[in-house]
Ligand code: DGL
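Just one chain is shown here, as C-alpha cells, and it is the form predicted alone.
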Amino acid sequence: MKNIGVIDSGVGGLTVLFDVIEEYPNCNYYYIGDSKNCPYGIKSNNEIKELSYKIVKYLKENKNIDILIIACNSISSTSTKFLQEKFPNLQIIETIIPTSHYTKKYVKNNKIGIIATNATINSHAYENNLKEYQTFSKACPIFVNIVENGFINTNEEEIIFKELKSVLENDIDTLILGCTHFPLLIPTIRKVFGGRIVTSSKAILSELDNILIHENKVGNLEIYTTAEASVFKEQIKNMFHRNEKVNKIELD
C-alpha cells in the first residue's frame, strides 16, 4: 500500500486530498497544512523553499512516503525543482504542468483566465506552459484569507467579484483556479462566470491514474497542522462537512 504525503500552506490542499482519497482509497495519506505560516503566496521564493523542505523532510523521515503531492500552487511554481533535488528518490506530483495540460483539453476561444497567489502569478509558471493561448492573469491573495476564515459574507462576495472583474472582462471561456484554496469559492465565482473552471484536483488525478492501481483496500488518513488543531478541525467541518481528527506538529 502506497504512502502518500499531501502538503499545502493551510486548508486549501484538502480540496485535492479528499478528491484523491475518493478515487484511490487504497493508500495511506498524510496531510500537512502549514497554517502557522499561511499564506505562502506573499512570501519570497526562498522562504517557500525553506518551509516546504521542512514539511517534506518530516513526511519522509516520519511517514516514509513514496509519493508527494504538492497540493499548493505557490510551492509548485517556486519549489518543485528544489524539492526534486533534495529528495531524488521521492516521486513528486505538482500542480502547474498537470493543470496546464488538463486545461488545454477544454479551451475553445483561445482565451484563458488565471487567478492565483502572488508567488504563482509572479513565477509566470502557467503562462510559460500555455504559450499558445492568450492568458489573462491576476494575483488574488485576499482569496486565501477569505477561505481560511471559513465564511463568506456579502462584503467578501463583493471583494471577490471586484477582484475577478479584470480577468472576466476579457471574454475568457476557461478559468484556472491556480490555488487549491480557490475551489472553495466556486459557488461565489459561479455567480459571475459561467464558463469552464479548472481546478488542480482532476489534473492531479489524471497523473495518479498512471501511477496507482485500484485495489479493494482502504488505507489510513492522518491530518496535521502547524497551528491549532481545534481550529483546523473546525475549518474542515465547516468547509467540507467532515469530522476528521487533526493533530498539531512542530517542524524543525
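Everything numeric here is computed off the predicted structure, so don't read it as measured data. A residue's number is simply how far along the shown sequence it sits, counting from 1.
Omitted from view is the form predicted together with D-glutamic acid (DGL), to which the following refers.
- Comment: D-glutamic acid (DGL) is not present in this chain, but in the predicted bound form one of 69, 55, 198, 38 has a heavy atom within 4.5 Å of it, namely 38.
- Figure note: of the listed segments 161 to 169, 106 to 114, 129 to 137, 174 to 182, the one touching D-glutamic acid (DGL) in the predicted bound form, with heavy atoms no more than 4.5 Å away, is 174 to 182.
- Within this chain, residue 144 lines the site of D-glutamic acid (DGL) in the predicted bound form, having a heavy atom no more than 4.5 Å away.
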